[in-house]
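This document contains two forms of one protein chain, each encoded as structure tokens and listed individually as structure 1 and structure 2.
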Structure 1
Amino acid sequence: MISFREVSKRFGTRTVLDRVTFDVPRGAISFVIGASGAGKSVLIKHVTGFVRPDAGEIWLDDLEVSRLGERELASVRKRCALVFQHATLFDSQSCLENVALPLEKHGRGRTGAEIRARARALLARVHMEPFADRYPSELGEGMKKRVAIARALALDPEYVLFDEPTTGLDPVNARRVDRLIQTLSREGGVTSLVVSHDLTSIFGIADRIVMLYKGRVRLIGTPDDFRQSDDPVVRQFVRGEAEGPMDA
């Protein structure tokens, strides 16, 4: 599993994370929620070494990621893929070519034909194979997100980190992404850690939720735990209220 232990991070004089501690169970869909600026995206980027903690430890199974050098982090990034909020596809390459990139770099002896076949299979997995030869500029945001997820799956990661996967999507495409995350977990055994403020996603597919508030863990629990919570900060977020303690 992924384990955060007393993780702290500052940017200048601002404390973004303050002794954050929790575990991400293997095979589960875990969400990290909180107001904008709560440190959610910063937190998950620690797992792949894109951000380093000022204090504390991040563990991936029995490996302490926070102490690894760039060369050692390469193996971590194969096991733990990060899907960014924006699709970050290469506009000059087709969908097939975008998905094939990790396979070309880490193909382990695969031929060009094998790589293309694998890339097509990944696109089919996210229902995008008919668009294999299209370019990102020809696709809507929801379609680009699915291609980005296919690329993230290229090296068969055990863990996938999603940073705001439904942001900017219409409700239909947002729910398609939700179903895809569920399928990866239920059928593929992938452990998912999702940063989101989309209440429909959070209460629709989460097994476990971690709420950050002012850099600290406010509540960890199931969706029902959050619905039933009497904590005013939690209740404001769950109800989507405009005013309350989160604005203090």
Structure 2
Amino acid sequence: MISFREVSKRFGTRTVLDRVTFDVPRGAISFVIGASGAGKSVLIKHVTGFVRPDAGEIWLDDLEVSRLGERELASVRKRCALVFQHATLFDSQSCLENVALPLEKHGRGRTGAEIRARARALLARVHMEPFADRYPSELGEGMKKRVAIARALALDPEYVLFDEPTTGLDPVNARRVDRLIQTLSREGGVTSLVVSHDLTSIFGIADRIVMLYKGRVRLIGTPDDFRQSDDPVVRQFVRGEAEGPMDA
């Protein structure tokens, strides 16, 4: 389980997170939703120590990650993968090499051939195997993102944090990524925390949804709770309406 307890974070004078508290239960697919700039990326980067809270605690099972140093975080990061919002592939390496890198560095595979075969299988899971030998600069944003997802899954993590995995993908590949997240959770027991504002994803695969608004948790519940909410902010967001109480 991932637990956020009273987490607050400011940048300069701007409060991005204000006493955020919620749990991410094991094995389920939890979504974090909210407008752009609501602090969703900042929130999930806390889980693997890329951002430190000003106040509050973040727990991963029985580890308080907000207190760990860079070395201990390395072992946390093997168990808890992060897919960044912008695909962060290494420019100087092909797609296959990008995916093979964590396998090589952490000794997952005895021979180079075995590692390459595993990397190919991972690329196949995101339908990017035909592009294995291409370089990131030759690919569009959506394709790079799918390779980044494959790379994040390389170490068989128990937890995966996805930051807007379907943004920039065509609808077919977006649904494929949704299905991949579902398979990971249903068949692999993976716990997923997904940042998204893709309504199809949210209402298609979420078990639980947390909505952030102005740095605070606005609502936690199931997709049905969100559909039936009479909070005007929640209603505006889940219906994708231009007019309403949400500013900016």
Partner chain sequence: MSDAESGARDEARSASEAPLRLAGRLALLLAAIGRAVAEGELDRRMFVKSLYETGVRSLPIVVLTALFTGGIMVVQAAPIVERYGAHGLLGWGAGFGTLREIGPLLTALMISGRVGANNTAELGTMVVTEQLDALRALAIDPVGFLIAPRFLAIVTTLLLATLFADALALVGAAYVGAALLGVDPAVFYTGLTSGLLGFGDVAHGLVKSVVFGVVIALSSCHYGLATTGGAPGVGRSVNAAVVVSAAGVFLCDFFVSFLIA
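The term rigid core refers to the maximal set of C-alpha atoms that superpose within 1.5 Å between the two forms. Just so we're on the same page, residue numbers count up from 1 along structure 1's sequence. Model, not experiment: these values are computed from the prediction.
Between the two chain copies, the one drawn from the form predicted alone is structure 1. Two rigid parts of the chain rotate against each other between the two structures, and of Gly215, Ala81, Asp198, Val195 the one at the hinge is Ala81. After fitting the larger rigid piece on its C-alpha atoms, the remaining smaller piece is found rotated by 13 degrees between the two structures.
With the core fitted, the CA of Arg134 sits 3.9 Å away from its counterpart between the two structures.
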